[in-house]
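Next up: a single chain in structure tokens, the form predicted on its own.
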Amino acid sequence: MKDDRIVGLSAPRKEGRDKVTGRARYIDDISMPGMLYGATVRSRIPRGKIKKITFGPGINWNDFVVVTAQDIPGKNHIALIENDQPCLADGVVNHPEEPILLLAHPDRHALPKAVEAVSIEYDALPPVFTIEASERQSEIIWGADNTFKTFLIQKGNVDEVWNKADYIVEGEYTTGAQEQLYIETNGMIAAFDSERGVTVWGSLQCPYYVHKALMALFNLPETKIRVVQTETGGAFGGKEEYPSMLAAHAALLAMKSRRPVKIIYDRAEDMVATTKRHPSRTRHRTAVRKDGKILGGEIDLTIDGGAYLTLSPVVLSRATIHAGGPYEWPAIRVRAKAVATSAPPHGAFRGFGAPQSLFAMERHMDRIARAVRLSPVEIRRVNFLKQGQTTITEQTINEPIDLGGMLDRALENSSYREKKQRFARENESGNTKKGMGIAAFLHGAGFTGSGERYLRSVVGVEGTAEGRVRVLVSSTEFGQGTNTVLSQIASETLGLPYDDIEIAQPDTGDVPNSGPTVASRTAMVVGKLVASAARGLEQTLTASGTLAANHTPEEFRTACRAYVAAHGQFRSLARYDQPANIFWDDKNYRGEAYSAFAWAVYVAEVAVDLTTYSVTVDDFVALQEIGRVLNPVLARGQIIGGVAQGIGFALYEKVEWRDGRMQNGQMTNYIMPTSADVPPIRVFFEELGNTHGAYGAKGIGELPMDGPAPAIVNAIEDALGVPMDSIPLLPEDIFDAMASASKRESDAHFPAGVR
């Protein structure tokens, strides 16, 4: 065995060379003989019944392939959770941009004019556009109820805490939609063969999600559906469920034309038609002692699901479980719901509901601090979860987490106390006000509750005829480092050089279902299975007598080559089994929600220019405990990228809606932070390890999305002395908040009617 280790080192990216040399092939780099190009005709009203479709003059429609809902051979839905979203509208549309019919043509430049030439007449139905409207108009719009899903968490006796409280603190907090804005837009190529069935290639996160959807849509067995992930230029959750829709459209056109069909969205279509982060509204009511200790409280959380269910139940689930933050609640009641509106469905986005509920929690902690006259530091310290205490789902914290110590380290690394004192002096004059803000939070790694147990992921590791090792997973690489980290795990486990490890292209015809690449589960759950399968490969060779227990890499290669020559394909599989001490009660929403939590404390330094009311983030400290850092460069990159995205969530990225349609669906007016807007992001790690993860790893990808927004908004309040409880927080919002605060102060100094 080799003595040097690879886990914990910054191994170079497996796909890095191909990307920088241009050899990597993205979906729009691929062409096939006889290929057609596809386009989608979409609804232009928020809700209505389709009366008539007219194909206008000036177009030779005989040159086009046209697909409607009547061409679907199986079930007209995108199979996911409750299968309520049609692949193509059949009689009714429930949001603008809903796909109604599909066109294909050999010349992609002929498609835009043809799409515009299709005229659709409707009988309009009443729409709803906000959470509040959905609640008010539920019986008018959707029948009995506009509610997609509800959850209830109850711990302790909340009704008894109010009379014991020295303070009862209330607050309402809202977050807006956010566009994933991956570099590469959605794209797919599909081919159909009457013998082999449907094959699709595309930019996607979850091959087996697409596989499941196509089986139902085409009424074909799993062996007749093949899904291949091509090089994918970013995802952030936006390519989790939506590619099933695009794959379905391309495949339907391919089936009808009997030719390969490519559909690539341009940026405008990608932004207006695909999923976004769920807007949210969270209401807190908290009973607090005068020393700052939380006695209990109620949290009411609502997310806007858009027109169809898609992933709203699982987004809502994570938002609900994270709603209490990293704090000890003796008693709590969390009511959560996802409601329907007449917007395109909202879906997965990095953080998956936790950024919404944790924004509310961390803003509320600062509000509690003001009410009881404690500092934001001390209000957190007195309420932090400790080992042996339980979360809001009554999961016992068994790891020796020291959030108070993490807080101290983050404060020291950010010079928090010194800057607070200096800014207090400097803010007495001048037109720029500076402030410091804190956010403390947790993020569960892996599927929630019993999700991993139900999924029972399978991973394969293969010894090749060349004596190399090939990792077989459906986990996908889209810039976050999956290929690299899983290769490091296999290399470390087998004692082989990193270059001896290959990652198979995610292809449902070749790799087992290791689950979707979501939920911060890849390194922890899939990585541990890779290590297990790799050990199985080694054990087979040692049991056969061809490999000594203490072997060199060359001896492993020789034994592997000999085994393949003698027996053929050489694969070892490992399946996930839920640890015996992890139990989740789905009915009562209680128990071990996650096998591990990652923990973090973030500190933001901001400056507010009172001439322009613009905010700059001048410094940012991100301290997190993530079990074990498997690749320091990749881990640091994940944190920096997440913080930058969180800055956009807080200060820049506002979706402008009109009648359920995104109005600023281009990068000239949907503003995201650039490198000029991002401060030095100073990243620090603590490593406690994790018995449930590969080499002690926990999840990392989603964690850094949770903390930046509340830390930044807390810092803005520190600078201005005015609470801001809604994001994104644009200059005009700050102006309005300060004007309202000034008016309230003026009203307090004058009797009613006197000016």
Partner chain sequence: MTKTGGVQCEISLTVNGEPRTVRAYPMDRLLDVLRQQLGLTGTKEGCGEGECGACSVLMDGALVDSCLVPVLQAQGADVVTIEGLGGDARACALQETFLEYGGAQCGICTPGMILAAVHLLREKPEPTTDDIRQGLAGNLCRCTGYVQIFEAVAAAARRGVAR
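None of the values given here were measured: they were computed from a predicted structure. Residue numbers count along the first chain shown, from 1.
Not pictured, yet referred to below: the form predicted in complex with the partner chain.
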property	result
Residue 20, heavy atom within 4.5 angstroms of the partner chain in the predicted bound form	yes
Heavy atom of residue 676 within 4.5 Å of the partner chain in the predicted bound form	yes
Contact label in the predicted bound form: residue 738 to the partner chain, heavy atom within 4.5 Å	no
Proximity of residue 55 to the partner chain in the predicted bound form, heavy atoms at 4.5 Å	no
Within 4.5 Å of the partner chain in the predicted bound form, all of 29, 349 and 479 (non-hydrogen atom)	yes
Interface segment, criterion being heavy atoms within 4.5 Å of the partner chain in the predicted bound form, picked from 101-109, 70-78, 157-165, 191-199	101-109
Option touching the partner chain, based on a heavy atom within 4.5 Å in the predicted bound form, out of 455, 610, 562, 672	672
The unique member of 183, 424, 549, 124 whose heavy atoms fall within 4.5 Å of the partner chain in the predicted bound form	183
Stretch 704-726 - residues with a heavy atom within 4.5 Å of the partner chain in the predicted bound form	none
